[in-house]
Ligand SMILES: NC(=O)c1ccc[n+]([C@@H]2O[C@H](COP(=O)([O-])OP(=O)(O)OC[C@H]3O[C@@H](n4cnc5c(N)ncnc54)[C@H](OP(=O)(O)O)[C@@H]3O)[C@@H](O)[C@H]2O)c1
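Listed next as structure tokens is one chain, alone, in the form predicted on its own.
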Amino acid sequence: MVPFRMRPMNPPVTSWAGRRVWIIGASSGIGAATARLLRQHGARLALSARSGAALHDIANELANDLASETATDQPHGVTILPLDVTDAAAVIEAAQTLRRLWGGIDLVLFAAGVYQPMRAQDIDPVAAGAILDTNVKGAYNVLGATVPMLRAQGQGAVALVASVAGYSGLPKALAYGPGKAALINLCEALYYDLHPAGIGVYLISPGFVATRLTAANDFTMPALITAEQAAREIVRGIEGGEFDIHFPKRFSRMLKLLRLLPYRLYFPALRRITGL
């Protein structure tokens, strides 16, 4: 008996060779690890982040010193486009540069993000605004600069890195969690409009990943994985045409189930799990 399989929500990717991928937030962590993995698979990469120096280091590592101080492109090489995602004009300029260099984009991966632990007794509106500017406004800036291009192409995809912290309210995530919840909702809304137009949409929700951001946590992080493990999960999910790419499953599925509980059970359960 042939097992039943649901149809993928996005077109599966059978080969990365020559695919034009723009990774935003590529200077470290999940973005950098995904860049390394996709380069191994033959993708054509553009890397963006605020730190031009860090991008050059990664480009040198990936493409044998193909990077330069200005945006450059080589056959099967790496393009460097330093930018701040909160600067809408800079994002538009970078997208236009890629359109001139490549003629289009096959995948836009928004992995930019900032994190600062925050609780109600230490609420900081300025810091919260900075987190939301990068994590949410930055995503809108990228989408505004690239979705019209993808629709004109009639193909391509966008992937937003949210977080399991967006599933429900978590301790110490007073600004980070609501921003990631916004990205989850945003991806769901995007799918309605972009899927019929032939554009893929990927919602990526990692659990705890060992990066310089999570290094700020002073509590036990259940099911902690490396950035390289996260990259493999992301690439595997995109290749399979998944919409909801969440991992590690032993942790993300638990949080999905906890969200179904009534609040009088949810809050005590989270306190026991986090110890906070």
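Heads up: residue numbers just count along the shown sequence, starting at 1. Every value quoted in this text rests on a predicted model; they were computed, and no experiment measured them.
In what follows, reference is made to the form predicted in complex with the ligand, a form of this protein that is not presented.
- In plain terms, the part of the chain that comes close to the ligand in the predicted bound form, with a heavy atom within 4.5 Å, is 113-121 out of 97-105, 113-121, 149-157, 184-192.
- With a 4.5 Å cutoff on heavy atoms, Q229 does not count as touching the ligand in the predicted bound form; it lies far away.
- Although the partner is absent here, Q40 lies well away from the ligand in the predicted bound form, with no heavy atom inside 4.5 Å.
- Using a 4.5 angstroms threshold between heavy atoms, R212 counts as touching the ligand in the predicted bound form.
- Contact check for I80: no non-hydrogen atom falls within 4.5 Å of the ligand in the predicted bound form.
- Shown without its partner, this chain lists A46, A59, I238, I30 as candidates; in the predicted bound form, only I30 has a non-hydrogen atom within 4.5 angstroms of the ligand.
- Though the ligand is absent from this view, in the predicted bound form it lies within 4.5 Å of a heavy atom of just one residue from A173, V85, A145, L109, which is V85.
- Scanning 36-54 for heavy atoms within 4.5 Å of the ligand in the predicted bound form gives A49, R50, S51 in sequence order.
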